[in-house]
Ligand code: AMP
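Below sits a lone chain in structure tokens, taken as the form predicted on its own.
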């Protein structure tokens, strides 16, 4: 049980005694990173704590998550230089915090909350629970143990984190405890239909153009049971959307039934690419990502690569089993 871990009890003590919390999640935040951070932030604020939350540059928030308590957010340049308690969420290593990684050294105390098995710890207290479906699941137990108010705002943020990291409760990381936590969050005020609409059923029209381009250039390599595609800067310009609006494109690619592994390569600036990987279970894409300087889980992972999209695909391909 999460609550039986020594690190859990230490985390409760740190959060209880702190009067001011500085919260940070990984760069390019997804639903779990934002949901767990803002969920704890909303509960802490309701409990009378001073709270600020942020993430590293680019400080661009996917419009998908505009229904979360964004008033807690401050730009990374305005984050307290020497926080009393610096709490990180869903960041598998300090460098995943981007420019905010410096606060690990300047904070009085650092609490790391994460569920990445690749996280070896970089805080004063490391609450790392690989068996948790989402970082938001860990945060729920913390808020409950602390006795902090769990209102609709906090519950919605935490529910969002769990829904997105379990793929709407259809991934293999969905355990009975995950569903019990989700039920408690709904009882506290989270509305599944509202979260589902915002996260999965609302995109700007330009997204359709971008998705069409990415799907149109998808490649299937049957000998590796691999499907992959590339998202270019020209695609984004044509669709009039930002990179932050494309997190779920990988889910459109991964549904090809002939594939065990799906890869989406997103072209960044300065000859870099961001690579997202998904697995149906046979292949540990987390291990592939770690080998290439990234991280993640068995079925979902990613890394950033200096070079071209085809170079990145080649690096992934040589690490895949061949039929």
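In this text the structure is predicted, and so the values were computed from the model without any measurement. Residue numbers count along the first chain shown, from 1.
Here the subject shifts to the form predicted together with the named molecule, a form of this protein not shown in this document.
The partner is absent here; in the predicted complex, the one residue of 21, 11, 312, 301 having a heavy atom within 4.5 Å of the named molecule is 301. Using a 4.5 angstroms threshold between heavy atoms, residue 69 stays clear of the named molecule in the predicted complex. Taking the partner from elsewhere, residue 56 is found to have every heavy atom lying beyond 4.5 Å of the named molecule in the predicted complex. The named molecule is not drawn, but in the predicted complex it has no heavy atom within 4.5 Å of residue 31.
Although the partner is absent here, residue 278 sits close enough that one of its heavy atoms falls within 4.5 Å of the named molecule in the predicted complex. Remark: of stretches 252 to 260, 270 to 278, 58 to 66, 40 to 48, the one touching the named molecule in the predicted complex is 270 to 278 (heavy atom within 4.5 Å). Counting a residue when any of its non-hydrogen atoms is within 4.5 Å of the named molecule in the predicted complex, there are no hits in 164 to 178.
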